[in-house]
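A single chain comes next, written as C-alpha coordinates; it is the form predicted on its own.
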(Lines give C-alpha, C1' and ligand atoms only; values in the text may rest on other atoms or scores of the structure.)
Protein backbone atom coordinates (compact mmCIF):
# COMPACT_ATOMS: atom_id res chain seq x y z
CA UNK A 1 0.00 0.00 0.00
CA UNK A 2 1.33 3.41 -0.87
CA UNK A 3 2.56 5.27 2.15
CA UNK A 4 1.22 8.76 2.81
CA UNK A 5 4.10 11.20 2.68
CA UNK A 6 4.17 14.84 3.66
CA UNK A 7 6.74 17.46 2.85
CA UNK A 8 7.51 20.12 5.42
CA UNK A 9 6.58 23.50 4.05
CA UNK A 10 9.75 25.49 3.51
CA UNK A 11 9.95 29.01 2.16
CA UNK A 12 12.51 28.17 -0.51
CA UNK A 13 12.23 29.70 -3.97
CA UNK A 14 14.41 30.29 -6.98
CA UNK A 15 16.55 33.39 -6.87
CA UNK A 16 14.71 36.47 -8.02
CA UNK A 17 11.24 34.97 -7.50
CA UNK A 18 8.78 36.38 -5.01
CA UNK A 19 7.85 34.21 -2.04
CA UNK A 20 4.43 33.17 -0.86
CA UNK A 21 3.60 33.87 2.74
CA UNK A 22 4.32 30.72 4.72
CA UNK A 23 1.19 31.16 6.83
CA UNK A 24 -0.92 31.08 3.63
CA UNK A 25 0.80 27.94 2.29
CA UNK A 26 -1.05 24.63 2.42
CA UNK A 27 -0.07 21.09 1.56
CA UNK A 28 -0.85 20.15 -2.02
CA UNK A 29 -2.68 16.82 -1.79
CA UNK A 30 -1.76 14.61 -4.75
CA UNK A 31 -3.80 11.51 -5.56
CA UNK A 32 -1.56 8.74 -6.89
CA UNK A 33 -2.01 5.03 -7.55
CA UNK A 34 0.50 2.58 -6.00
CA UNK A 35 2.06 1.77 -9.38
CA UNK A 36 5.51 2.01 -10.91
CA UNK A 37 4.20 4.67 -13.28
CA UNK A 38 4.33 7.02 -10.28
CA UNK A 39 8.12 6.68 -10.10
CA UNK A 40 8.86 10.07 -11.64
CA UNK A 41 6.64 11.80 -9.07
CA UNK A 42 8.33 9.93 -6.23
CA UNK A 43 11.72 10.89 -7.64
CA UNK A 44 10.78 14.56 -7.38
CA UNK A 45 9.61 14.04 -3.80
CA UNK A 46 12.73 12.13 -2.75
CA UNK A 47 15.11 14.63 -4.33
CA UNK A 48 13.33 17.57 -2.74
CA UNK A 49 12.31 19.27 -5.99
CA UNK A 50 8.95 20.32 -4.55
CA UNK A 51 10.55 21.52 -1.33
CA UNK A 52 13.03 23.60 -3.33
CA UNK A 53 10.06 25.20 -5.11
CA UNK A 54 8.60 26.22 -1.74
CA UNK A 55 5.82 23.64 -1.89
CA UNK A 56 4.45 21.19 0.63
CA UNK A 57 3.21 17.98 -1.00
CA UNK A 58 1.21 15.10 0.46
CA UNK A 59 1.02 11.92 -1.65
CA UNK A 60 -2.37 10.29 -1.06
CA UNK A 61 -3.07 6.70 -2.10
CA UNK A 62 -5.95 6.57 -4.60
CA UNK A 63 -6.58 3.21 -6.32
CA UNK A 64 -8.04 4.53 -9.58
CA UNK A 65 -9.41 7.57 -11.39
CA UNK A 66 -13.03 6.54 -10.76
CA UNK A 67 -12.45 7.13 -7.04
CA UNK A 68 -9.94 9.96 -7.33
CA UNK A 69 -11.92 12.33 -9.58
CA UNK A 70 -14.83 12.81 -7.12
CA UNK A 71 -12.25 13.63 -4.43
CA UNK A 72 -10.60 16.12 -6.78
CA UNK A 73 -13.95 17.70 -7.68
CA UNK A 74 -14.93 17.84 -4.00
CA UNK A 75 -11.74 19.61 -2.95
CA UNK A 76 -10.33 16.68 -0.98
CA UNK A 77 -7.49 16.33 -3.50
CA UNK A 78 -5.67 19.15 -5.28
CA UNK A 79 -3.88 17.12 -7.96
CA UNK A 80 -4.61 13.74 -9.57
CA UNK A 81 -2.20 11.60 -11.61
CA UNK A 82 -4.52 9.35 -13.62
CA UNK A 83 -6.08 8.66 -16.99
CA UNK A 84 -9.03 10.94 -17.75
CA UNK A 85 -12.43 9.37 -18.26
CA UNK A 86 -16.20 9.75 -17.91
CA UNK A 87 -15.89 10.69 -14.23
CA UNK A 88 -13.72 13.68 -15.17
CA UNK A 89 -15.77 14.66 -18.23
CA UNK A 90 -19.04 14.56 -16.29
CA UNK A 91 -17.54 16.55 -13.43
CA UNK A 92 -16.54 19.30 -15.87
CA UNK A 93 -19.98 19.21 -17.52
CA UNK A 94 -21.55 19.72 -14.07
CA UNK A 95 -19.37 22.76 -13.49
CA UNK A 96 -16.81 21.28 -11.12
CA UNK A 97 -13.50 23.14 -10.94
CA UNK A 98 -11.25 20.41 -12.31
CA UNK A 99 -9.08 20.49 -15.42
CA UNK A 100 -6.38 18.62 -17.32
CA UNK A 101 -3.21 20.71 -16.94
CA UNK A 102 -0.51 18.43 -18.40
CA UNK A 103 0.02 15.19 -20.27
CA UNK A 104 2.04 12.34 -18.77
CA UNK A 105 2.27 9.10 -20.78
CA UNK A 106 1.74 7.79 -24.32
CA UNK A 107 1.58 4.39 -25.95
CA UNK A 108 5.00 3.69 -27.43
CA UNK A 109 6.10 0.62 -29.42
CA UNK A 110 9.18 -0.15 -27.36
CA UNK A 111 8.04 0.56 -23.82
CA UNK A 112 5.26 -0.38 -21.45
CA UNK A 113 2.42 -2.88 -21.55
CA UNK A 114 -0.62 -0.61 -21.21
CA UNK A 115 -3.33 -1.98 -23.49
CA UNK A 116 -1.53 -5.26 -24.20
CA UNK A 117 -3.51 -8.51 -24.27
CA UNK A 118 -2.54 -11.52 -22.17
CA UNK A 119 -4.11 -14.75 -23.32
CA UNK A 120 -4.31 -18.31 -22.10
CA UNK A 121 -2.25 -20.58 -24.35
CA UNK A 122 -4.87 -23.33 -24.13
CA UNK A 123 -7.51 -20.94 -25.53
CA UNK A 124 -5.19 -19.83 -28.35
CA UNK A 125 -2.90 -22.83 -29.03
CA UNK A 126 -1.50 -21.18 -32.17
CA UNK A 127 -1.22 -17.77 -30.58
CA UNK A 128 -3.35 -14.69 -31.18
CA UNK A 129 -2.55 -13.98 -34.83
CA UNK A 130 -5.44 -11.54 -35.26
CA UNK A 131 -7.79 -9.70 -32.93
CA UNK A 132 -10.77 -11.28 -34.73
CA UNK A 133 -9.88 -14.49 -32.86
CA UNK A 134 -11.23 -12.84 -29.70
CA UNK A 135 -14.80 -13.42 -30.90
CA UNK A 136 -16.72 -15.49 -28.38
CA UNK A 137 -13.90 -15.42 -25.81
CA UNK A 138 -14.18 -14.35 -22.17
CA UNK A 139 -11.97 -11.32 -21.52
CA UNK A 140 -11.35 -9.33 -18.32
CA UNK A 141 -10.88 -5.58 -17.85
CA UNK A 142 -10.67 -3.62 -14.61
CA UNK A 143 -13.65 -1.28 -15.10
CA UNK A 144 -16.13 -0.51 -17.86
CA UNK A 145 -15.47 3.26 -17.84
CA UNK A 146 -11.66 3.31 -17.73
CA UNK A 147 -9.12 3.67 -20.50
CA UNK A 148 -8.75 -0.14 -20.53
CA UNK A 149 -12.37 -0.46 -21.65
CA UNK A 150 -11.74 2.20 -24.31
CA UNK A 151 -8.71 0.30 -25.56
CA UNK A 152 -10.69 -2.94 -25.75
CA UNK A 153 -13.41 -1.31 -27.85
CA UNK A 154 -10.81 0.19 -30.20
CA UNK A 155 -9.06 -3.17 -30.56
CA UNK A 156 -12.35 -4.90 -31.32
CA UNK A 157 -13.40 -2.14 -33.72
CA UNK A 158 -10.12 -2.60 -35.58
CA UNK A 159 -10.97 -6.30 -35.99
CA UNK A 160 -14.53 -5.59 -37.16
CA UNK A 161 -15.97 -6.75 -33.84
CA UNK A 162 -18.17 -5.15 -31.19
CA UNK A 163 -18.01 -5.41 -27.42
CA UNK A 164 -21.00 -7.78 -27.56
CA UNK A 165 -18.93 -10.19 -29.65
CA UNK A 166 -16.85 -11.05 -26.57
CA UNK A 167 -17.84 -11.83 -22.99
CA UNK A 168 -16.43 -9.01 -20.86
CA UNK A 169 -15.97 -9.52 -17.13
CA UNK A 170 -14.74 -6.95 -14.58
CA UNK A 171 -11.86 -8.13 -12.42
CA UNK A 172 -9.05 -6.51 -10.48
CA UNK A 173 -5.58 -7.17 -11.86
CA UNK A 174 -4.66 -9.91 -9.36
CA UNK A 175 -8.07 -11.55 -9.79
CA UNK A 176 -7.73 -11.44 -13.57
CA UNK A 177 -4.32 -13.11 -13.42
CA UNK A 178 -5.63 -15.89 -11.17
CA UNK A 179 -8.67 -16.36 -13.41
CA UNK A 180 -6.47 -16.51 -16.52
CA UNK A 181 -4.12 -19.11 -15.05
CA UNK A 182 -7.08 -21.03 -13.68
CA UNK A 183 -8.80 -21.21 -17.06
CA UNK A 184 -11.85 -19.17 -15.99
CA UNK A 185 -11.16 -16.45 -18.60
CA UNK A 186 -9.42 -16.60 -21.97
CA UNK A 187 -7.67 -13.21 -21.94
CA UNK A 188 -7.20 -9.98 -20.01
CA UNK A 189 -6.24 -6.48 -21.04
CA UNK A 190 -3.19 -5.10 -19.26
CA UNK A 191 -3.53 -1.88 -17.26
CA UNK A 192 0.22 -1.50 -17.51
CA UNK A 193 1.18 -3.44 -14.38
CA UNK A 194 0.32 -7.02 -15.29
CA UNK A 195 3.88 -7.53 -16.53
CA UNK A 196 5.28 -6.77 -13.06
CA UNK A 197 3.66 -9.90 -11.62
CA UNK A 198 6.06 -12.87 -11.35
CA UNK A 199 3.31 -15.20 -12.63
CA UNK A 200 3.44 -13.42 -16.00
CA UNK A 201 6.32 -15.72 -16.92
CA UNK A 202 4.06 -18.75 -16.63
CA UNK A 203 4.24 -20.80 -19.86
CA UNK A 204 0.43 -20.89 -19.95
CA UNK A 205 0.34 -17.15 -20.72
CA UNK A 206 0.95 -15.48 -24.10
CA UNK A 207 1.55 -11.72 -24.30
CA UNK A 208 0.33 -9.87 -27.42
CA UNK A 209 0.71 -6.18 -28.32
CA UNK A 210 -2.78 -4.66 -28.31
CA UNK A 211 -3.68 -0.96 -28.12
CA UNK A 212 -0.35 0.23 -29.54
CA UNK A 213 -1.21 -1.54 -32.82
CA UNK A 214 -4.43 0.43 -33.31
CA UNK A 215 -3.69 3.66 -31.39
CA UNK A 216 0.03 4.44 -31.83
CA UNK A 217 1.06 7.45 -29.80
CA UNK A 218 -2.21 7.66 -27.86
CA UNK A 219 -1.81 9.76 -24.71
CA UNK A 220 -3.52 7.88 -21.90
CA UNK A 221 -2.33 9.54 -18.69
CA UNK A 222 -2.58 13.16 -17.51
CA UNK A 223 -2.17 15.48 -14.55
CA UNK A 224 -5.34 17.18 -13.29
CA UNK A 225 -5.79 20.10 -10.90
CA UNK A 226 -8.67 20.89 -8.59
CA UNK A 227 -10.04 24.24 -7.46
CA UNK A 228 -7.31 25.09 -4.93
CA UNK A 229 -4.70 25.34 -7.67
CA UNK A 230 -6.99 26.43 -10.51
CA UNK A 231 -8.44 29.34 -8.54
CA UNK A 232 -5.51 30.16 -6.27
CA UNK A 233 -2.21 31.88 -6.95
CA UNK A 234 -1.22 30.48 -10.37
CA UNK A 235 2.43 30.47 -9.33
CA UNK A 236 1.76 27.49 -7.06
CA UNK A 237 0.39 25.38 -9.91
CA UNK A 238 3.22 26.42 -12.21
CA UNK A 239 5.79 25.66 -9.52
CA UNK A 240 4.27 22.22 -8.96
CA UNK A 241 4.36 21.28 -12.65
CA UNK A 242 7.84 22.70 -13.10
CA UNK A 243 9.15 20.63 -10.19
CA UNK A 244 7.39 17.52 -11.46
CA UNK A 245 8.67 17.92 -15.02
CA UNK A 246 12.17 18.40 -13.66
CA UNK A 247 11.76 15.01 -12.02
CA UNK A 248 10.21 13.43 -15.13
CA UNK A 249 13.16 14.52 -17.24
CA UNK A 250 15.63 13.19 -14.68
CA UNK A 251 13.70 9.91 -14.53
CA UNK A 252 13.82 9.54 -18.31
CA UNK A 253 17.56 10.16 -18.17
CA UNK A 254 18.06 7.27 -15.77
CA UNK A 255 17.63 8.71 -12.26
CA UNK A 256 15.97 6.07 -10.06
CA UNK A 257 13.95 6.76 -6.90
CA UNK A 258 14.12 4.53 -3.86
CA UNK A 259 10.37 4.08 -4.41
CA UNK A 260 11.18 1.58 -7.19
CA UNK A 261 13.14 -0.64 -4.81
CA UNK A 262 10.41 -0.38 -2.19
CA UNK A 263 7.82 -1.26 -4.82
CA UNK A 264 9.83 -4.30 -5.94
CA UNK A 265 10.24 -5.59 -2.40
CA UNK A 266 6.56 -5.13 -1.50
CA UNK A 267 5.44 -6.84 -4.73
CA UNK A 268 7.95 -9.71 -4.64
CA UNK A 269 9.80 -8.47 -7.72
CA UNK A 270 13.45 -8.41 -8.69
CA UNK A 271 14.70 -4.91 -7.75
CA UNK A 272 17.30 -4.89 -10.53
CA UNK A 273 14.71 -5.80 -13.15
CA UNK A 274 12.32 -3.22 -11.74
CA UNK A 275 14.92 -0.44 -11.87
CA UNK A 276 15.64 -1.34 -15.49
CA UNK A 277 12.01 -0.86 -16.58
CA UNK A 278 11.71 1.27 -19.74
CA UNK A 279 10.90 4.96 -19.29
CA UNK A 280 10.12 6.37 -22.74
CA UNK A 281 6.36 6.65 -22.24
CA UNK A 282 6.76 9.78 -20.09
CA UNK A 283 6.46 13.32 -21.39
CA UNK A 284 9.07 15.52 -19.67
CA UNK A 285 7.37 18.80 -20.68
CA UNK A 286 3.66 18.09 -20.10
CA UNK A 287 2.56 18.33 -23.73
CA UNK A 288 -1.22 17.73 -24.00
CA UNK A 289 -2.47 15.80 -27.03
CA UNK A 290 -5.98 17.09 -27.79
CA UNK A 291 -6.59 14.38 -30.40
CA UNK A 292 -6.26 11.62 -27.80
CA UNK A 293 -8.52 13.42 -25.33
CA UNK A 294 -11.17 14.08 -27.97
CA UNK A 295 -11.20 10.45 -29.02
CA UNK A 296 -11.72 9.33 -25.43
CA UNK A 297 -14.48 11.92 -24.97
CA UNK A 298 -16.28 10.74 -28.13
CA UNK A 299 -16.11 7.14 -26.93
CA UNK A 300 -17.55 8.12 -23.53
CA UNK A 301 -20.53 9.76 -25.23
CA UNK A 302 -21.05 6.84 -27.64
CA UNK A 303 -21.11 4.40 -24.72
CA UNK A 304 -23.65 6.53 -22.85
CA UNK A 305 -21.29 7.33 -19.97
CA UNK A 306 -21.59 11.09 -20.68
CA UNK A 307 -24.74 12.94 -21.82
CA UNK A 308 -22.72 15.08 -24.23
CA UNK A 309 -19.17 15.84 -25.28
CA UNK A 310 -17.27 18.20 -23.02
CA UNK A 311 -15.60 21.12 -24.81
CA UNK A 312 -11.82 20.81 -24.72
CA UNK A 313 -11.66 24.52 -23.85
CA UNK A 314 -13.45 23.71 -20.58
CA UNK A 315 -11.45 20.55 -19.96
CA UNK A 316 -7.90 21.82 -20.53
CA UNK A 317 -6.07 24.59 -18.67
CA UNK A 318 -2.56 25.25 -20.00
CA UNK A 319 -1.74 28.24 -17.78
CA UNK A 320 0.58 26.18 -15.61
CA UNK A 321 2.67 24.43 -18.26
CA UNK A 322 6.36 25.30 -18.32
CA UNK A 323 7.32 27.74 -21.06
CA UNK A 324 7.97 26.03 -24.38
CA UNK A 325 5.88 22.93 -23.74
CA UNK A 326 4.32 21.74 -26.99
CA UNK A 327 0.57 21.28 -26.55
CA UNK A 328 -1.21 20.64 -29.83
CA UNK A 329 -2.50 17.78 -31.92
CA UNK A 330 -0.92 14.34 -32.11
CA UNK A 331 2.50 14.07 -33.80
CA UNK A 332 2.53 13.08 -37.45
CA UNK A 333 2.10 9.34 -37.92
CA UNK A 334 0.05 8.77 -34.76
CA UNK A 335 -3.62 7.99 -34.26
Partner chain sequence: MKMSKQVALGLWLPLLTVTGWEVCSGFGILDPLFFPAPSRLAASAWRLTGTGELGRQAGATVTRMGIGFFCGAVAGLLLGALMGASRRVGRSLEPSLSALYSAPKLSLLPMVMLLAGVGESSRLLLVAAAAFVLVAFHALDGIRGVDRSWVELASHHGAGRWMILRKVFLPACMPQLFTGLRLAAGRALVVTISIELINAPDGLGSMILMSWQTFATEKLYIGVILTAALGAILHAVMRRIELKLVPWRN
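Residue numbers count along the first chain shown, from 1. All values derive from a computational prediction rather than experimental measurement.
From this point on, the text means the form predicted in complex with the partner chain, which you will not see here.
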query	finding
Interface stretch in the predicted bound form with the partner chain - options 230 to 238, 243 to 251, 135 to 143, 113 to 121, non-hydrogen atom within 4.5 Å	135 to 143
Contact at 70, 169 and 184 by the partner chain in the predicted bound form, all three, heavy atom at most 4.5 Å	yes
Partner proximity in the predicted bound form: residue 210 to the partner chain, non-hydrogen atom cutoff 4.5 Å	no
Distance check, residue 90 to the partner chain in the predicted bound form, heavy atom within 4.5 Å	yes
Touches the partner chain in the predicted bound form: residue 264 (any heavy atom, 4.5 Å)	no
Residue contact check: residue 305 to the partner chain in the predicted bound form, 4.5 Å heavy atom	yes
Listed residue (274, 66, 294, 281) with a non-hydrogen atom within 4.5 angstroms of the partner chain in the predicted bound form	66
Single option in 204, 162, 258, 94 placed near the partner chain in the predicted bound form, where near means a heavy atom within 4.5 Å	94
